[in-house]
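One chain follows as structure tokens, the form predicted alone.
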């Protein structure tokens, strides 16, 4: 005996509403679900494109050398080993080079953000002579590649002198190469890596803050410095932290300034420079005789380079995990202000 299905009042209401709308509600629902599915597939594809190379490098890092030449081994290693990491650490003087990289990147990022925040606030709030010309110079820093001033920078810091003071005291100019002093000077003077971009970002943010907030603080008796530190700076912290993240990441993987100021053969080895020259040291490392170089197979070279790149990315991934909320909040706030 068949039982008759009784429609609930809510289903009857939906069906009647869809019928009265000429099928519009049904079409809108289908369109919404289709867009959601397509969006989900696109996001999954983009995430896979980003994560898949990292997973491949990690899987390759655990393989023994014989697994590299085994055509049956695709992703999962057949012979797992951690000895490859020890070899890469020996080739890059890990952890000394990593500690130096963390210290230099953090110091440079703090100095860059501090200087760029003050300059960006000045461009946004104050009028001074040749303001448009100076801001055009900031834009030029963004547009002009740093390679165009590589030679002048190298010569300037190798023979650094201020009004002939060092030459008159010591008889020769002061050589700053091989230390982090050039980094600090360029960061404080807003001439470091991507400093023009940070000034532009902070200027645009400060311009979006109503001037009434500052005027109210001035009426209450706050000075200009106190208004900036107590009112403007806390409100701009998401953008400031975003600039810090950009600065840290770019400095972490920088080779241009690092090779000019801190070569890899000094007492301050940097992980980026050692990673870039890891191929030239493999042949000596695997040689039985220190005076004889051997040819390392390309697959083995690719494996060790992949491990070095993976180790370089791990600190950045950890940093992003703890700061991604602030980073996304900065993007959302900048978008709402626009």
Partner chain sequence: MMARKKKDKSQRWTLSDSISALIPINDNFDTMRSRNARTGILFILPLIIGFLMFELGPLIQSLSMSLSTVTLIPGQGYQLTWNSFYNYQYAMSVDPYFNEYLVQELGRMAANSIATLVLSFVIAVILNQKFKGRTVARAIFFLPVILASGVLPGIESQLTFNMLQGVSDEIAESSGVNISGALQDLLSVSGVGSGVFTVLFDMIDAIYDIIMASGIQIIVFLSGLSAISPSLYEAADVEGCTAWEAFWKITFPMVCPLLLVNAIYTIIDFFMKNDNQVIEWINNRMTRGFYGPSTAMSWIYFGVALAFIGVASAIISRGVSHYEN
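The term rigid core refers to the maximal set of C-alpha atoms that superpose within 1.5 Å between the two forms. Positions refer to the first chain, counted from 1. Keep in mind that what you see is a predicted model, and the values were worked out from it rather than measured.
Beyond what is shown, the protein has a form predicted in complex with the partner chain; the following relates to that form.
**Q** Looking at 102, 231, 141, 222 here, can you tell me which has any non-hydrogen atom within 4.5 angstroms of the partner chain in the predicted bound form?
**A** It is 141.
**Q** Would you mind picking the one in 87, 190, 217, 180 that has a heavy atom within 4.5 Å of the partner chain in the predicted bound form?
**A** Answer to the contact question: 190.
**Q** Does the trio 76, 270 and 285 actually contact the partner chain in the predicted bound form, every residue with a heavy atom within 4.5 Å?
**A** Result no, not one residue of the spot touches the partner chain.
**Q** If we define contact as a non-hydrogen atom of the residue within 4.5 angstroms of the partner, is residue 25 a contact of the partner chain in the predicted bound form?
**A** The answer is no: residue 25 has no heavy atom within 4.5 Å of the partner chain.
**Q** Is residue 39 close enough to the partner chain in the predicted bound form to count, meaning some heavy atom within 4.5 Å?
**A** Within the cut-off, so yes.
**Q** Indicate whether residue 127 is a 4.5 Å heavy atom neighbour of the partner chain in the predicted bound form.
**A** Within the cut-off, so yes.
**Q** Is residue 106 close to the partner chain in the predicted bound form, meaning a heavy atom pair under 4.5 Å apart or at it?
**A** Because no heavy atom of residue 106 falls inside 4.5 Å of the partner chain in the predicted bound form, the answer is no.
**Q** Can you list, in sequence order, the residues from 294 to 312 that come within 4.5 Å of the partner chain in the predicted bound form, counting heavy atoms only?
**A** Sequence-ordered list: 298, 299, 301, 302, 305, 306, 309, 312.
**Q** Establish whether a shift of 2 Å or more occurs at the C-alpha of residue 32 between the shown form and the other one, with the two forms superposed on the rigid core.
**A** Yes, the C-alpha moves 2 Å or more.
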